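Listed next as structure tokens is one chain, alone, in the form predicted on its own.
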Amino acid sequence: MALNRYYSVRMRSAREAVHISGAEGIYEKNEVAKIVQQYTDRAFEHEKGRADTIRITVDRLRDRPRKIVSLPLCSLNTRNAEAAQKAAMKLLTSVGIEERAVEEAFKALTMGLSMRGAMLLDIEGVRLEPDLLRGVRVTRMGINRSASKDLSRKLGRLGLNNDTVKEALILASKVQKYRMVLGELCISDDPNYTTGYIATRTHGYVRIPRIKKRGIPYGGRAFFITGGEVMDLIKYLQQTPVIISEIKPCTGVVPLKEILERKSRR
């Protein structure tokens, strides 16, 4: 496929200057018009309200996207926010992240900060992104047609075939390919979506139900990192295009103990 047929399409919407929704992907030239319409419809129909500002950016890619494999996906069966946060703590600290770093991330993500991007924290919880109010946005990621069909089929068996899960898995898979990143914690800022996740190369993408109470409009992402140059990581997250070309197994509910026993994947 010719390189100039790849385009990055990104959408961000807001209502009275407050972020409502976002979406993005890498697409072939003949798909761009359809995707722009879909993203526009999403901005108008979001549960957080109809956007009064919609920004859609379409860029032709100049670098050939890297092909990557998705993280494997599974779910826990956490029954309340306390159990969910304890599970996330165990998973993230098992890969070398300090408890205080995870606590700092939970505190920041649940206190109502309106950040456009993710936080970067070292393993002790020190914030490292250049703009603490803006964070770092992950962009230029997508999935090819065959992998998308495979992902839809695997998620469909679990009752999870929706844009929220797909797009989060694509993002987390890109992030975890960079060796500086030890783990990710995500809590949705949608008031009625209470399933968060953690992602690591060791455990894969682990969905954590009831990580917050319904009706809370706060959330965001935190990446825990170690070693290397922060600006190199930011450049990768924001500028390096990747496309998922293969889907790892997607399974249902797995006991926490079994997930903790998994060995690190490259």
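These numbers come from a predicted model, not from an experiment. One rule holds for the numbers: they count along the sequence shown, beginning at 1.
Not on display, but discussed next: the form predicted in complex with ligand PML.
Listed residues T139, T78, Q176, T195 were compared with ligand PML in the predicted complex; T195 is the one with a heavy atom within 4.5 Å. This chain is displayed without ligand PML, yet in the predicted complex the stretch 162-170 from 129-137, 98-106, 162-170, 116-124 comes within 4.5 Å of it by heavy atoms. Though the partner is left out of this view, F224 does not reach within 4.5 Å of ligand PML in the predicted complex, counting heavy atoms only. Contact between H203 and ligand PML in the predicted complex is not found at the 4.5 Å heavy atom cutoff. Using a 4.5 Å cutoff between non-hydrogen atoms, R210 does not count as a contact of ligand PML in the predicted complex.
At a distance threshold of 4.5 angstroms between non-hydrogen atoms, S188 is in contact with ligand PML in the predicted complex.
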